Ligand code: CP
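Below you will find one chain, with nothing else, as structure tokens; this is the form predicted on its own, and questions on how it binds or moves follow later.
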Amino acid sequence: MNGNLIDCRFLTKSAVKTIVKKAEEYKSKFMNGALIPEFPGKTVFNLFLEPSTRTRCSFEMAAKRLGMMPINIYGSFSSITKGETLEDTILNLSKMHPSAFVIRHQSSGICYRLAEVTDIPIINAGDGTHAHPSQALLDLFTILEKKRRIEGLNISIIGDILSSRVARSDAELFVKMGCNVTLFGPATMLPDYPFVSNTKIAGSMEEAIADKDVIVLLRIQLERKSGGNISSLGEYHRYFGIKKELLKKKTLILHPGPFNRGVELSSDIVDSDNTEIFNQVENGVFVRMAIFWWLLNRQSAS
């Protein structure tokens, strides 16, 4: 999907490295007080038709730091509530000549459909259970920042795999960049087979965490009715929650958020040196700045 960022399958390794390098540059400049807005006067429409805190604020902050004007549109305050289709909404907004659309929606694959009705770049900020590419890129960036390499790392993704767009995007991107990826969770939350090639499903919690460089934890997607796949949150923590005594000293813990203390991970893990959860949030702004830069420069070159 040229000109868009809809999922990680269409990202080349070269593009990933370019985005990561630019995110590093933006972070270094910002931390040294030398960041100069590159796209003054450009406009981005953020259509968040599903609840979000981190991703929405991160994209908005990224746009503002680049000198862009983000305009936020929420489902309950849009013409969609009057019966207008999302495709027609995009067609109308495209005539205002924004530089990009950032879209979050509950329907898997919706961004593919919308890309067919507009030439404006579309960034998928999470669609149903399909994909969340910017989250995968910021996860990769955070790992590289701490480990200084990505190829050959052993990474486990643990939790509600079946309902998770993050699991899919992380697995696709990590495998693309040369990682060994393992999936694990309750049997009712696992696919019948690995949904990303060259990944494997662990047979036990012990296998899932043994000798892992990085563990990505996922919350139970209660809004997608995954709560019916376990008897209780307490039971989930007992058998699938991460506790500090289970980890190697240098194991990194990531979580896309929102995380639940005492469910996916114990409170002492949240507050430990293993955890990169809050650094992920910080890095998300710089990575999304780099995504805007990458897309807008490709657009101007076409």
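All values reported here derive from a predicted model rather than from experimental measurement. When you see a residue number, it is the position in the sequence shown, counting from 1.
Just so you know, the form predicted in complex with this ligand exists too; it's not on screen, but the next bit is about it.
Exactly one listed residue, out of Thr251, Ser52, Thr43, Ser28, brings a non-hydrogen atom to within 4.5 Å of this ligand in the model of the complex: Ser52. For the options Ser156, Ser164, Gln135, Asn124, the residue carrying a heavy atom within 4.5 angstroms of this ligand in the model of the complex is Gln135. Looking at Pro37, you'd find every heavy atom of it more than 4.5 angstroms from this ligand in the model of the complex.
At a distance threshold of 4.5 angstroms between non-hydrogen atoms, Arg168 is out of contact with this ligand in the model of the complex. Among heavy atoms of Gly257, some come within 4.5 Å of this ligand in the model of the complex. Judged by heavy atoms within 4.5 Å of this ligand in the model of the complex, the contact stretch among the candidates 62 to 70, 44 to 52, 242 to 250, 29 to 37 is 44 to 52. Contacts of stretch 87 to 112 with this ligand in the model of the complex, defined by any heavy atom lying within 4.5 Å, are made by Arg104 alone.
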